[in-house]
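Structure 1 and structure 2 below are two forms of the same protein chain, each written out on its own as structure tokens.
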Structure 1
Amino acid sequence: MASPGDATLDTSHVGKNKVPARYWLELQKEGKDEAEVGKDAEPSRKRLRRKEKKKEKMKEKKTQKAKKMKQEDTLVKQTISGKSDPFPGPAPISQDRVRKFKRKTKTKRSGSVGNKLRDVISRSEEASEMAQKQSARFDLLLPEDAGFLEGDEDEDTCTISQEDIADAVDITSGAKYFNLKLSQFGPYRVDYSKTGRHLLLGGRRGHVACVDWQSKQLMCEINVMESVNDVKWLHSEAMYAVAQKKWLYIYDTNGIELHCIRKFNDVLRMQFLPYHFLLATASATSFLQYLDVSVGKEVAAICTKTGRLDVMCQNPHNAIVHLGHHNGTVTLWSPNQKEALVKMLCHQGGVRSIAVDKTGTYMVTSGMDKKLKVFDIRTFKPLNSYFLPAGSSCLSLSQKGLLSAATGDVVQVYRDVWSTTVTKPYMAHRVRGTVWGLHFCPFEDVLGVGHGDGFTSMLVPGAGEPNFDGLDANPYRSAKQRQEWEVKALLEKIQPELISLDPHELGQVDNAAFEQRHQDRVQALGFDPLAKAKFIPKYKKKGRSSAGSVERRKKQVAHEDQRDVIRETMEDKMKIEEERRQREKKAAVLSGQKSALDRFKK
């Protein structure tokens, strides 16, 4: 807070011209002060309370009767025991908790938004803020904590073997590290269901198996007698899709073929968008196709004209499909557009694998140029670039943001790839064949690795989200609960038309439509109903409506309007100036090194 003492200490104005006071500067300062007052609200409240108490004391001295009344009053305020509450007011919430629940997009308020709408928006924002605070408070009650792995002093966590971890943890968790030796039909593709209970394995040479992997119960096992390119669970563990040599097939958990979809041929990779009930497939004929699995209709078929599509991933935040190509580009697709939404050149060679984190902020790619790159896909800018000696063929991101990368037969897990520059892997493990598929198990600290010699389930402490939401994906749900969830999920299936880069777009004010409608209205009416009425001065008596004074009043109003305009333009100017200064500063930092001639500069 600004106090006079600080000001004198800070700067001396001796020898300098005094900076003229500007109201916009003052405005800014006020804003800052308010923010600070928010922080210091607690002490000031205490001070107030103290003052009140003093006042009460003074009064108490005055009369006996008043004292009795007051006592009764204070008793109501205090607890029954007579002691005052040592922690008055609502409990504080830690900042990072609140930040976790903060919604990023605030509704933009442009000038054309009417008063009524502005009220509605501000009220709804207040409500949502309250809800966010409440859920931040509720966060305290979550029962589970995330896992972790720490080495002893001068012990790297990446040297710790899986066997050691499995020995150190409890039996049930230790049993989650296992190998399936399936050398006949490998290499294997892997997929976990949305709840993380069920595992689907698809061998290159036609072996398909689904397993309840925690109880190690085999649900079905078939050989489709064809090469299998990819396997994917659909919305629940009752059905899965298998991309075979020619066509796309859908099987149920008993291994019975439900559908053979001949419209989808030569599929190499698949992604399932769970909230849209869409199965996106990328084929060798460079087609990207979307199948609505709730009604069995093809939603869109897009010819990408970029050759064989064997690198694919989805952005779980906005349901955009990312495709990687041989020329090093990554393209972003939605079913509503025949062209790519975005094309980014990411690698010098071809793209080998892509992964997007669940908040939709970061994309990790690996390429033939043996690089691993991290991008911010909100701004489409590179953040980090790592060189891996062997390059990595498969990438997978966990719910907590761990990155697993497979190079040959070694699986490496990295931590914090986007926030810091990583030099060492968090964990590493060598499997017995070339890695073909990687998938982190949701809600578990487990990484499933499909390789040439079968399947390995690895323990990766700190990978899974510890607290699931029972209404969304409940690993412990009963059959009845699953049925109910299925009905609910189908009822709120999001239409494919709503897929766009910004998933919050639907909640924004549609200014364009409003302006269009307003124009139409002006056209129909012949005048602008929202136009500002011309100021007509009121008629005043006692000679105050002389021509001169009327003119003066008009001028006053005109000045007022002008002032607003000036204020706005000045603010704009200040902002531009500020940006320019920032840019210059950055440029200066970047250009960095001082030249010998700099000393002559003033």
Structure 2
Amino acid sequence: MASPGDATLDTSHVGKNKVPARYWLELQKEGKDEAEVGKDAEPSRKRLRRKEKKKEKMKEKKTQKAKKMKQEDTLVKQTISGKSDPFPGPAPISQDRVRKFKRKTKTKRSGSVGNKLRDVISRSEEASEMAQKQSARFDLLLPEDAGFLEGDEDEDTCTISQEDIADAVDITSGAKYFNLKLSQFGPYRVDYSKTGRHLLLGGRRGHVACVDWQSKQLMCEINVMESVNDVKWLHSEAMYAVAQKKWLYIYDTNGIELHCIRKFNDVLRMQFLPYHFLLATASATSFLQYLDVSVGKEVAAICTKTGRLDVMCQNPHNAIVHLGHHNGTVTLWSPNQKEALVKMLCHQGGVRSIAVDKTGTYMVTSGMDKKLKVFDIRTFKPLNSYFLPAGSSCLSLSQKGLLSAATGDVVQVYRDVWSTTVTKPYMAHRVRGTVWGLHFCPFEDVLGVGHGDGFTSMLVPGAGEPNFDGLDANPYRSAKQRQEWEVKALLEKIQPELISLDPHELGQVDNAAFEQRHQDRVQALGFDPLAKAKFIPKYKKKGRSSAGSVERRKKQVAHEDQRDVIRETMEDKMKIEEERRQREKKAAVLSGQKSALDRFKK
């Protein structure tokens, strides 16, 4: 039995005092245990994180188009009140409006196209589709539309006079109908600037005038003291060209003579190509000449060998010049060739006037045989032919496809001359002298008529394009904007070498010319630079590029090339053998047939 003293020695007072339990101490202990367990679970967590990152990357790689489609299908727009949107997704667009802004057709992808090129093509097509849809949506922001004249029941619109139209419209539009009595120096040639803001008049007896016809402000007025054959605005309203009796002159808006170009003599008609900065002239000496007004040099001089050239027109679509001749033919010319691109027999008599629409699709001609004909330039075939009692001396086409034809002192306007057969004119007006010049004003429902008694500005509802492009031809631009536009146009000037009958050929590859140049190059070099390069084995490490292994790889590639050659030769031999067998079969069949002459054989 233990004594009480021993008990006291064994049990010390230090061991008797227990530390009180605290809750934070218990939490620390639990955290340590979890950390020890987490050390074993770290590899599995890392794997999970890697898998999650891979999934996120796969989701990010989805295309924007797929995301948009998914959003349109799954997401439902909600309003502030919490109700679902009854019309989710973007607003629908009519296919007719989308087709109006179609830019190009989808490219056909061959199997040999690489992945990188395929991605570039797909992205460009997506961008083109998006731009097409955006243009169709923004078309709603162009509320202006061409409005045509409509009469009452059993009323022809051609019987409505210009005075009645001017009284019925607003004051601003009514002021666009006016007459200038200039009987002393007539008849007059007429030309409007590209913006439609300024008017240029050239009288046969030497009178030349520049007018801001909307504000009726006279810019300059001169008399050149000799006969004037034609007048034409250049790239802006700051300069214009006058074809006088002997030479070609350039003036500014103050009437100051800038240039006298003696190389261009006896000029009868002129046309200005705005995107090429070329002034094309047709002379009485049968010469068609091109002048680059940006540098003042003659680009081309072509002798057409067709006599006097007094009928001239340009195709706004491809900058081809159309000339009419006394033998009833119309020829198409480019400054790149000395011969006519196309010769068309249009009339039985001489050609009096030509007009081409802005799309470059239709051409309208009038001749001495008193016929008015409409041609499709794409096929060079006639579409419609109309008989006019006295023939037409002047023709002009508006931006919306209205055709004006002058017969003596009567001006008639026709509508839809190429889509339907026209039986009566859309409008008619009689002036005080024989008409010498016709021109529709751009972006306005106005037709300018130059005649023997002066000038008349007619109102023709639906003639002009209601929506203009402010970056190309802005009727309301300031002097500073005109200067900036002029610099930009000079930087974007198209070279005359690019003028062709089909402008889309510029984006195509001329395979025949490439093959010819390649053959010339092979003959000059003595070898084919585009031939298959000699196989050079790639250097490999770890002793795999020894002389023996490199030689084996070379032989293997050589054997593969030899197999291809042998395969091709065998296929050619089999084709030749098959053709020989077929010929023998045909000969056997023909020899087996009995002829009526066999009875005379011995």
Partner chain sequence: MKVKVLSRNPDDYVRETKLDIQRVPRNYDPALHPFEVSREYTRALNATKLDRVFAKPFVASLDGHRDGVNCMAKHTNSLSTLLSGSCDGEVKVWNLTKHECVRTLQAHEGFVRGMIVRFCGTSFFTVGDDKTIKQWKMETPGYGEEEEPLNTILGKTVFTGLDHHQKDAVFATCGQQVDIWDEQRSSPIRSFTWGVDSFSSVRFNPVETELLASCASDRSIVLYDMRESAPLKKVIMTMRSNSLCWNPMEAYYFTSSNEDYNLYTYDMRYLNKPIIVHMDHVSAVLDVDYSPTGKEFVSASFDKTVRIFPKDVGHSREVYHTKRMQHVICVKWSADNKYILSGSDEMNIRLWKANAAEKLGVLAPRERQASNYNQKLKEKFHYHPQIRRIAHHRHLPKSIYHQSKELRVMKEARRRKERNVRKHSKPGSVPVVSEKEKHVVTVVK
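None of these values were measured; they are calculated from a predicted model. What we label the rigid core is the largest C-alpha set whose atoms superpose within 1.5 Å from one form to the other. All residue numbers here follow the sequence of structure 1, with the first residue given the number 1.
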Quiz item: So which is it, 1 or 2, that shows the form predicted on its own?
Solution: 2
Quiz item: With both forms fit on the core, is the shift of the CA atom of residue 416 between the two structures 2 Å or larger?
Solution: no
Quiz item: On a core-based superposition, does residue 239 travel 2 Å or more at its Cα between the two structures?
Solution: no
Exercise. Verify the C-alpha shift of residue 522 between the two structures: is it 2 Å or more after superposing the core?
Key: yes
Practice problem: Mind pulling the C-alpha shift for residue 121 between the two structures, with the rigid core superposed, in Å? | Solution: 5.6
Quiz item: Quick one: CA shift at residue 96 between the two structures, core fit, Å?
Solution: 3.3
